[in-house]
Structure formats: C-alpha cells, structure tokens
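The chain below stands alone, shown as structure tokens; this is the form predicted on its own.
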C-alpha cells in the first residue's frame, strides 16, 4: 500500500487550530469548573475558598447525590439495551427488505425532532385520561383500568416512563449506525461463506459480528456517555421531580447551580460528572479493545 508521507509541520498546521479550539472549549471550562468546585460561591457575590468541603459534603451527607448517581447509571444501562436489538433488526432489514433505507429513515425521524417537542408530546401522552392522556385512554378502552397511572408524578414510575421515551427517541439513531455498518460489509465475504456452507445466522456469527464490533462500540459509547449527561428530556418532562425522584446528576447540578444559587456546589457536581464520564469511556474502550483483539 502506498502511504502518503506528509511532513510533521504540515500536519501541525492543520491540527493545531482544532487542538487549540478544543482546548479552549473543553479543557479550560473543565479546569474552571474544578476550581469553582473549591469555592463557596453563589455565582454573584464574593467567593470564599473552602477547599474540598463541597466534595466532602457531596460524598458524605448529601441525601440526593447517590440516588441521582444510581438513576444516572440506570439511564445509561437502559439506553444500551436497545443496541443489540438494533443490530439484529439492521441485519434482517439488510437481508430481507428491499427498500430498507426508507424504513431506517422513518425510524430516524424522532432523532431530528427537538427534545422540547418530544418532551411536550410525551407529557401529553402520559397525562391522566381525564386530561386527554392517550396512554391511559387506551388502557381504559381495552379494560386495563388497574394499569392506569399518573406516569410522571408517581415516584416509583416516573423514571421508567422517562427511560422509555429516551429509548424511543434514539432507537432510529442506533439503528442507522448499525445498519450502515452492516451494509458496508462486502458481499464477497458472504458469497465465499456460502460456498463453504455458511449461510444466514451462521454467516453472521463468523462474519457480521466480528466485523461490526467497532461500529457496535461507537453505539455503546455514544449511548452510555450521552445518557450519563442526560438533562434536556428530564428537565422538560419532570424537572427532576416529583421530590427528586427523577433527578440525575446533570439535573441536580443545574438545580444547585442556577436555581438554588449554589454555584460552587454545582461546579463540584459537574466535576464529579466529568470524572464519571471519563472513567466509563476508558473502561468501555478497554473492554472493546480486548474484544476486538479476541475476534480479529
């Protein structure tokens, strides 16, 4: 293979502007946030340096933080459940459906809608039947009156209602990624496997799955890390309520920083969220690197 040799100075000319921009837009705000987490500050008045007091309070005496971490992790885990199903559907669409691109485009439509619109739409669907809620109305119509709920105001139910909306919104997104990955596998490999007697799911076992691992990893990382930062949908639908029952680390951080005017405390929460995201990114990359080495 011919490799184009480009001088290091030329590479630097193209890379440095992006690197500087990324540093200013990502790393500098992170460092500022960590510093603000060391302050007792409402964002307006004079700040007081308190060291690690905010972090100590978060880890030892904050009754909202650990439940919010648990909900954040559950949100991330739920967001990954649909990815294997998306892969299976992508394989079936690619193999058996003639105009699969049209179907994938239809599944993708919720992704391009504004989160605010989706949130308001599902709030209406989850409303009580007396207020025109479609879900409760359907349950009443088919005789399942005992299943009707105040979906967004019952603490035990509200978070699961949000999980479902998130799964619905991003189903098409992950399906598109998996479908593109499956389509890019050369047909010659399947034809060669067919000659050797491997067809259908047997061919998928030895061809599709090993070659789709990098694409699968992209979906997992995007779903998991994106869910750890989940904020907009939850804020639009419940605002973290009722009684913090749907608070994740992101919504709790926003609540403390801008509604409770505890900017230093909120910055400490933001710093912890960054550490959580980075940690899981490293773990996921490590796990998939081992899987890729194993199947290659």
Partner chain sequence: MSRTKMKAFAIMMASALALTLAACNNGQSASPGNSGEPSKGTATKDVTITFQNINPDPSTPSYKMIKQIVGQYEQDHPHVKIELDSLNTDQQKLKLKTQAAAKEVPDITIVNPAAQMKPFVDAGLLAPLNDVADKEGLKDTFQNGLLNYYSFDDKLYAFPDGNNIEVVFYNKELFKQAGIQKLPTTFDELITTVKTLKAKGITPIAIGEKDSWTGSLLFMNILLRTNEGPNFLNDVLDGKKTFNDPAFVEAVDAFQELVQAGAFPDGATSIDYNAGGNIFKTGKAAMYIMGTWETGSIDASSVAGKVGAFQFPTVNGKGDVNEYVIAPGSAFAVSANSEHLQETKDFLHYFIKEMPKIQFDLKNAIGSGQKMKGDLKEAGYSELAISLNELFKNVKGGDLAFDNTMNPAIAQAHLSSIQNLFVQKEDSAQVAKEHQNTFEANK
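Only a predicted model underlies this, so the values are computations on that prediction, with no experimental measurement involved. Residue numbers count along the first chain shown, from 1.
Omitted from view is the form predicted in complex with its partner chain, to which the following refers.
- The chain is drawn here without its partner chain; in the predicted complex, the stretch among 148-156, 218-226, 81-89, 105-113 whose residues come within 4.5 Å of it by any heavy atom is 148-156.
- Interface residue among 230, 267, 255, 68, judged by heavy atoms within 4.5 Å of its partner chain in the predicted complex: 255.
- Using a 4.5 angstroms threshold between heavy atoms, residue 237 counts as touching its partner chain in the predicted complex.
- In the predicted complex, its partner chain lies within 4.5 Å of some heavy atom of residue 261.
- Residue contact check for residue 141: none of its heavy atoms lie within 4.5 Å of its partner chain in the predicted complex.
- Mapping the unseen interface onto this chain, residue 127 counts among the residues with a heavy atom inside 4.5 Å of its partner chain in the predicted complex.
- Taken together, the three residues 21, 24 and 244 all lie with some non-hydrogen atom within 4.5 angstroms of its partner chain in the predicted complex.
- For the partner-free chain shown, 41, 42, 43, 44, 45, 46, 47, 57 of 41-60 come within 4.5 angstroms of its partner chain in the predicted complex, judged by any non-hydrogen atom.
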